[in-house]
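First comes one chain, alone, set out as structure tokens in the form predicted on its own.
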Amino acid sequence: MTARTATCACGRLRVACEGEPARVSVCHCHACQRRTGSVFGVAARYPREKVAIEGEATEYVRIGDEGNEVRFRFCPTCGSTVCWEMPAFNDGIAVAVGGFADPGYTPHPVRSIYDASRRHAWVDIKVPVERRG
């Protein structure tokens, strides 16, 4: 069974994941752009029972573009967002793929969310588009 660990920049907050993610997606929403400091975010969603969060985390709660609560966990020392969950969906924990620091990470994204309305024009990602926003 595959085991992976994502960490924050300083390594104090760790998320250990077992098995394969249920899905991997790219999100171009403005909140993901602001959260990552980049032009999109990439998330791997794992079943809740396959994730162990270790270390101290601070939580930030916001309402997403579609009206659902999103709970982000980030490191209080370095500020890196490592994982988040959406209680309304109760389908798992999303982990920032960049936290794995593995350029060979698979599976690859299967969805590009908010692609049509918020993707920066110069970004060229070959991922199926999920129409939102």
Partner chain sequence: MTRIAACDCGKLRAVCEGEPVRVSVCHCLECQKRTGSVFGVSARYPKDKVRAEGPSRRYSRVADSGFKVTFDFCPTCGTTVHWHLDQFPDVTAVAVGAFADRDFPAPAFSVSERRRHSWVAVAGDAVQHKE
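Positions refer to the first chain, counted from 1. On a predicted model such as this, the values are computed, not experimentally measured, just so you know.
As for the form predicted in complex with the partner chain, it is not shown, yet the points below apply to it.
Colleague: When the partner chain is placed as it is in the model of the complex, are Arg35, Gly79 and Gly99 each within 4.5 Å of it, taking any non-hydrogen atom of the residue?
Modeller: Yes.
Colleague: So, in the model of the complex, is Ala52 in contact with the partner chain at a 4.5 angstroms heavy atom limit?
Modeller: No, Ala52 is distant from the partner.
Colleague: Please check if Ala22 has a heavy atom lying within 4.5 Å of any heavy atom of the partner chain in the model of the complex.
Modeller: No, no contact at 4.5 Å.
Colleague: Going by a heavy atom distance of 4.5 Å, is Val39 a contact of the partner chain in the model of the complex?
Modeller: Output for Val39 is yes: heavy atoms within 4.5 Å of the partner chain.
Colleague: Does the partner chain get within 4.5 angstroms of any non-hydrogen atom of Ala16 in the model of the complex?
Modeller: Ala16: no contact with the partner chain in the model of the complex.
Colleague: Across 2 to 35, which residues bring a heavy atom to within 4.5 Å of the partner chain in the model of the complex?
Modeller: Those in contact are Thr7, Cys8, Ala9, Cys10, Val26, His30, Ala31, Gln33, Arg34, Arg35.
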